[in-house]
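Just the one chain here, the form predicted alone, laid out as structure tokens.
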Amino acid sequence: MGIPTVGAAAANIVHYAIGYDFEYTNGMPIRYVGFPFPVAGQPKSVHHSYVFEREDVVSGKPMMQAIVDGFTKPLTEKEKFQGRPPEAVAEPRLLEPDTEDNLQQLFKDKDWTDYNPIILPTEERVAAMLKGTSRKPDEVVKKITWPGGARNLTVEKVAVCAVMAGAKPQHFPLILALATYVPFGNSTSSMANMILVNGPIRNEVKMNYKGNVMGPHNEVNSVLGRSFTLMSKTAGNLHAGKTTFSSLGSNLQYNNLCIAENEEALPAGWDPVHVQMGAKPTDSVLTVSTGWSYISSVGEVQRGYPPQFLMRDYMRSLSGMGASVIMDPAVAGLLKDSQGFNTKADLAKWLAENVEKTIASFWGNGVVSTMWASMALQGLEPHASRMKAPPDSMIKPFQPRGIGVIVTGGGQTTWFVTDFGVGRGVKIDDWR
């Protein structure tokens, strides 16, 4: 646009902005200064010292001098670049023959694994996996544009990752549907993902949706969740310190909270998630949700305090951007038969009307501030009024449509509350 610009970023990601982002994504000659970390939560005195006393992490000059130089110094030859940046050099389709141990180490050295042993994707194994779909090997499942340049994720590349994860051909349509979400959600905070499967395919491939549903006790749940990580690291180009910058990360990214709904145990009137979202009961649907928080009920439901009350209490700690309650069928039965919630929508409405938190707690969440503070400053409601409200005033942060209810597992009256929002999903049968 021809407007002189200096970008400011925290030091932990500024090198991505001047490296991968410039070279493979936008090619725009934007100059950056890097503020010391952390920026959020610091008093104004610290921010003042960043600007006037501390050194810019890019140039090594005092911050304000670096900003002035960024606006006034002539552009370098590199900064005069125009047009689309070049795409990253593609890896060869085939690797040179080597020993099992050396190839396992090569995949680790390339950061193509989750650092557990993989099944090496030989041509024979990939060809066998491709028999699990009618789609052509070179068909593009998705064009991935973030991070670091456009890349075509083909059916064959998905098959490579499916083999690596230990999947079988009958699992492949599930993994192809999952590939439409690659790469998984990731940020500088501890973002994670949830994979939910609904419909007849749960029984067809023998997923676990009964006892210990979130534990390491089922082949399909395991390889489906793992394949998402492998696809996101390889085709998705997510590599720690280069294109991802989380501090603590999330252990959920190993298996991506891969579950299926126990539709057979739903109380009458409680529709499965995919039906709530407009699909037919006979459709097989896979949904990926992204969030941060995951809170267990710890113990079973107590008669003196109905389950929705404790769910309400726990949900006060969530950001308010969305939520899912994941519960045992026994909890769903209690909520309907003893508490009068005839549908999932009834429960979602009650929670939206009864979960309250202070304005200070709401804006104290860094994700909320990042997402909505700019809207509040523009005068957009309800964010503007919430920013002006006294810190101790109470708000109801959730909308009924933003609260999902998932019934899975079986054996005890326990549940989780999460901020993983549930969407419409992808039809798995389209990928057979």
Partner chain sequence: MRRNQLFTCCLALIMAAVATAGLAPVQAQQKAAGKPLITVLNPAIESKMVDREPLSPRLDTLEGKTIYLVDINWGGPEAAYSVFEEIQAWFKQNIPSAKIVIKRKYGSYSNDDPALWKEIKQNGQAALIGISG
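If you're wondering where the values come from, they're calculated on a predicted model, not measured in any experiment. Numbering follows the first chain given and starts at 1. Rigid core here is just the name for the largest C-alpha set that superposes within 1.5 Å across the two forms.
Same protein, other form: the form predicted together with its partner chain, not shown, and the subject of what follows.
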{"item": "Heavy atom of K357 within 4.5 Å of its partner chain in the model of the complex", "value": "no"}
{"item": "4.5 angstroms heavy atom contact with its partner chain in the model of the complex for F71", "value": "yes"}
{"item": "Close approach of A389 to its partner chain in the model of the complex, 4.5 Å, heavy atom", "value": "no"}
{"item": "Close approach of H274 to its partner chain in the model of the complex, 4.5 Å, heavy atom", "value": "no"}
{"item": "Complete contact of I18, L252 and Q399 with its partner chain in the model of the complex (any heavy atom, 4.5 Å)", "value": "no"}
{"item": "Candidate stretches 220-228, 344-352, 264-272, 118-126, one within 4.5 Å of its partner chain in the model of the complex by heavy atom", "value": "118-126"}
{"item": "Contact residue in the model of the complex, chosen from A240, I295, V140, L75 - any heavy atom within 4.5 Å of its partner chain", "value": "L75"}
{"item": "Position in contact with its partner chain when the complex is considered in the model of the complex, options D337, E204, E300, E79, heavy atoms within 4.5 Å", "value": "E79"}
{"item": "Heavy atom within 4.5 Å of its partner chain in the model of the complex - qualifying residues of 234-249", "value": "T234, A235, N237"}
{"item": "Rigid core superposed: E77 CA moves 2 Å or more between the shown form and the other one", "value": "yes"}
{"item": "Core-aligned CA displacement of G379 at least 2 Å between the shown form and the other one", "value": "no"}
